[in-house]
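This document opens with one chain alone, in structure tokens, the form predicted alone.
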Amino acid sequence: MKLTVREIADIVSGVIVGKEDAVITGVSGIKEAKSGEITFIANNKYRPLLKSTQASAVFVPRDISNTVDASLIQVDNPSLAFAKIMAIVGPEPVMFNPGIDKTAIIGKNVVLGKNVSVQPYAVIEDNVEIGDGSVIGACVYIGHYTKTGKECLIYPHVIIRERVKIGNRVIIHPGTVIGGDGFGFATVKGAHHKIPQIGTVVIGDDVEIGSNVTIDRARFDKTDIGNGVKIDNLVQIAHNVYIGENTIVVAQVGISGSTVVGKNVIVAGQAGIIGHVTVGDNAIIGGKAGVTKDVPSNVHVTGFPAREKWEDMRIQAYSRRNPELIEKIKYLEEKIEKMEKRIMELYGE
């Protein structure tokens, strides 16, 4: 679909700096964009690329008004504006026709909503409920008594175990396992005895879960993922964890059992959170941080063990001076040794 810069600005409530009649036929990143395409700048470090981009139009924050060859469209959130237009002028989304593939296996007492699509070799066990408009990808397994809401998209090779509850508009990417057993064992005389994990997993509305994520079922009660949570690839969430609404969990994070993570939290890549701690609302856990105690709301922590960012930066600054301090200590030790020898020579023992 083709749109003029003026039409695009009207859609996103943007202000144009430059030509209004340029025609946009595609979308691209700012480095790769060509004439006829629109791109965006959401990070200040990419601002210098405005001078070199070949794009015909660029979404920019409202404080950018540079005169460049491309038309600028000033908006509150360039990334969000770009996403809206990408849905219009970008490639058409892949659509799945409603119906059940002949190779799919459907159990007893399964309830399928309107316009559900079940792709090849999917397995849906007894007493499962699938909401209207949902897509169950190829080779997906859905266990007994599980319920999914409306308009869910379950990509191929996802495993959802028994008695799991999934909300509306949930997206789960390939290779993820929801509701596997929590890691619970009792050790007696050196032998590890499995503790039954009889709880479940509850996932709220508008959640997106990346590839190869594992969310374990609770020992009792539930592992709870709140509305609007976004989970990146390769994340491990243990049994009885609670994650509040609109929290973001980035790749390779590990969250141990019975941890409570508040609302609007950001857990950056490769961070780890020990079990039975609480992370307050709006907190930020920095990349590779190791959280070993409760984190208050509205606090940014980094490092291991995780501390408030300003404190961790100060410790890191001191640590970088270690070689210099070691050399100074050696110098002082040598100087003291010489002074002691001199005193012995002058005054004896």
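Numbers for residues come from their place in the sequence shown, where the first is 1. Keep in mind that what you see is a predicted model, and the values were worked out from it rather than measured. Only the largest set of C-alpha atoms that superpose within 1.5 Å between the two forms is called the rigid core.
The form predicted together with a further copy of the same chain is left out here; the points below concern that form.
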property	result
a further copy of the same chain contact at Val202 in the predicted complex, heavy atom, 4.5 Å	no
Interface membership of Gly90, a further copy of the same chain in the predicted complex, 4.5 Å heavy atom rule	yes
Contact label in the predicted complex: Val27 to a further copy of the same chain, heavy atom within 4.5 Å	yes
4.5 Å heavy atom contact, Phe59 and a further copy of the same chain in the predicted complex	no
Complete contact of Thr103, Lys194 and Ile198 with a further copy of the same chain in the predicted complex (any heavy atom, 4.5 Å)	yes
Position in contact with a further copy of the same chain when the complex is considered in the predicted complex, options Asn115, Asn127, Asn168, Asn77, heavy atoms within 4.5 Å	Asn77
Among the candidates Ser52, Ser35, Asn298, Gln316, the residue which, in the predicted complex, approaches a further copy of the same chain to within 4.5 Å (heavy atoms)	Gln316
In the predicted complex, residues of 128 to 144 near a further copy of the same chain [heavy atom within 4.5 Å]	Ala138, Cys139, Tyr141, His144
Displaced residue check between the shown form and the other one: Asp294, CA, 2 Å or over, core reference	no
Threshold 2 Å Cα movement between the shown form and the other one for Glu311, core superposed	no
Core superposition between the shown form and the other one, C-alpha change of Met339 at least 2 Å	yes
